[in-house]
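In structure tokens, one chain follows: the form predicted alone.
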């Protein structure tokens, strides 16, 4: 079993406070590019294609205005979480038909075990379960506040 250290403090450069894009595919591409610029991804295009394939197979909208796309990929160099907000909401194919306002992209390296990756995905989903946390993420004025919330949740 391989152990991979995860950064205890989320990277504030991986917070997109106000997405202007309207299509899920464009949002995933922007998030992959931001992760590449931050050094967490070696190939944004490969990651984007991986995310699109996964979305076709199983949409990542979890309901209540939240989507948690994820990838365990060779394109990822460091496990990270990329958070984006779309105040107007995005069509994401949620079963509850609520437009997605929060997108939490969970990235794991290919060396990370499937169980560890899925645990990180579950923690990302868990933080958005309560309306209180969703509102905090939506209303956060800056990445510092988002980081504090994620630190509380041990992401």
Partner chain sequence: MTEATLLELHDLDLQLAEAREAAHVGKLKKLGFEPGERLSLERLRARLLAGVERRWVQHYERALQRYGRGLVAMRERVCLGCFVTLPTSASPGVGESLTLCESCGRILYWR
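As the structure is a prediction and not an experimental result, all values here were calculated from the model. Residue numbers count along the first chain shown, from 1.
This next part talks about the form predicted together with its partner chain, which is not shown.
> For residue 62, is any heavy atom within 4.5 Å of its partner chain in the model of the complex, or not?
Yes, contact at 4.5 Å.
> With a 4.5 Å heavy atom cut-off, would you call residue 38 a contact of its partner chain in the model of the complex?
Heavy-atom contact with its partner chain at 4.5 Å: absent for residue 38.
> Considering non-hydrogen atoms and a 4.5 Å limit, does its partner chain approach residue 42 in the model of the complex?
Yes, residue 42 lies within 4.5 Å of its partner chain in the model of the complex.
> Using a 4.5 angstroms cut-off on non-hydrogen atoms, would residue 97 count as touching its partner chain in the model of the complex?
Output for residue 97 is no: heavy atoms all beyond 4.5 Å of its partner chain.
> Verify the flagged residues 85, 148 and 152 against its partner chain in the model of the complex: is each one within 4.5 Å by a non-hydrogen atom?
So, no: the whole triplet misses its partner chain.
> Which residues from 42 to 72 come close to its partner chain in the model of the complex, meaning a heavy atom within 4.5 Å?
Going through 42 to 72 in order - heavy atoms within 4.5 Å of its partner chain in the model of the complex - the hits are 42, 43, 46, 49, 50, 53, 54, 57, 58, 59, 60, 61, 62, 68, 70, 72.
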